[in-house]
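For reference, the chain that follows is the form predicted alone, supplied as structure tokens.
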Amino acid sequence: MAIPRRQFFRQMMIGAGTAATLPVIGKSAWSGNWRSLQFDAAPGTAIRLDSNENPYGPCSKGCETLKGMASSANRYPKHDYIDLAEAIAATHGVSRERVVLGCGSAENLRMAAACYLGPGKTLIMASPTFELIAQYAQNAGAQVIMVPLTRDHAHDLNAMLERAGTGQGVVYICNPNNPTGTVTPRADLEAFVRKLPSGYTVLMDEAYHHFVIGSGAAYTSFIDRPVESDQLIVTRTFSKIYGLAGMRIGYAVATPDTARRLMAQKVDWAMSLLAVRAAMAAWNDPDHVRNAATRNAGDRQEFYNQAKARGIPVIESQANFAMMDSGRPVEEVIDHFKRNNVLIGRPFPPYTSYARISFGTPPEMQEFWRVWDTMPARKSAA
């Protein structure tokens, strides 16, 4: 029987301020609630500030590539796979056999779960963070342990290490973290990887890597400055800064042995020729990435400015979204925006009053703040 979403998250966070073990639930309970929260407005009718997408779309080269693809639809993308993997490998200074392509971040997470999780093994992850890998872990029969973030909204690596014990499994780290947009310092992560028992694999999700600006030594990618370890898998996606969320394409970088294990779990021909060629066009347009990162930094600062003018606390973000403390149950905020044709992020317990807002275009954000300013005042308790 499906578990209601609120009950599900209450069970996830058994004991305030302590790590909690996630109960095994049916797949339908998870996926059904995900859809009901995110996709109940007719396509094209709502302002979408809910999924951390690039509101400006893909680069012009990518758009031109997509327009000219109809005549190639009869071909499999085998050689294009190879070309894209080689381009990614060359940019990162690694061999091609270390690059694994997948359908967005989702397939890379699924492959890692299939390789390293199962009965008697454990997934350790933050609370809150991007939850999808928990579903894959449950499907594999693994135990899931949720560890609350620190007061600075970073991963609590000491607590994660303590919960790992001498077991086996996966530690999932999203850095910058979704939904908080915060960075866990590189030095702390390196020390964590060194101390982690050999039975664990670290899955480092860098989906929001390109949006990090001005963090200094606190953040450095584990691809750009690698740590050679069979225990480490780093994932990236074309869904965010590249503006190709609808194409469903991403990649992972690992040691050759680890990459081969991941590839053994891959769905053959899962990515379309359209997706691969659009990704190649985007990869070959670094100016678009730099411009998008700069534009996002400006959009982020304007969001801070507007929130500050209204006295709204915001968690400092290094991503293309931010969490703001609404001062009320976030479900009330979500419902208010839905009624006004604006979609924002779903609830992320235990941050029960925080709303996650993906940055939109300036006109979209003007409408967001207009709707915010029409929110009814909360009634005081009698």
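We number the residues from 1 along the sequence you see. What you are looking at is a predicted structure, and each value in this text was computed from that prediction instead of being measured.
What comes next is about the form predicted in complex with a small molecule, which does not appear here.
- Among the residues Ala154, Ala307, Ala207, Leu189, the one placing a heavy atom within 4.5 Å of the small molecule in the predicted bound form is Ala207.
- In summary, among the residues Gly104, Pro128, Gly181, Gly169, the only one with a non-hydrogen atom within 4.5 Å of the small molecule in the predicted bound form is Gly104.
- Note on the interface: of 264-272, 157-165, 236-244, 298-306, the segment with non-hydrogen atoms within 4.5 angstroms of the small molecule in the predicted bound form is 236-244.
- In the predicted bound form, at least one heavy atom of Arg248 sits within 4.5 Å of the small molecule.
- Put simply, Cys174 is close to the small molecule in the predicted bound form: some heavy atom of it is within 4.5 Å.
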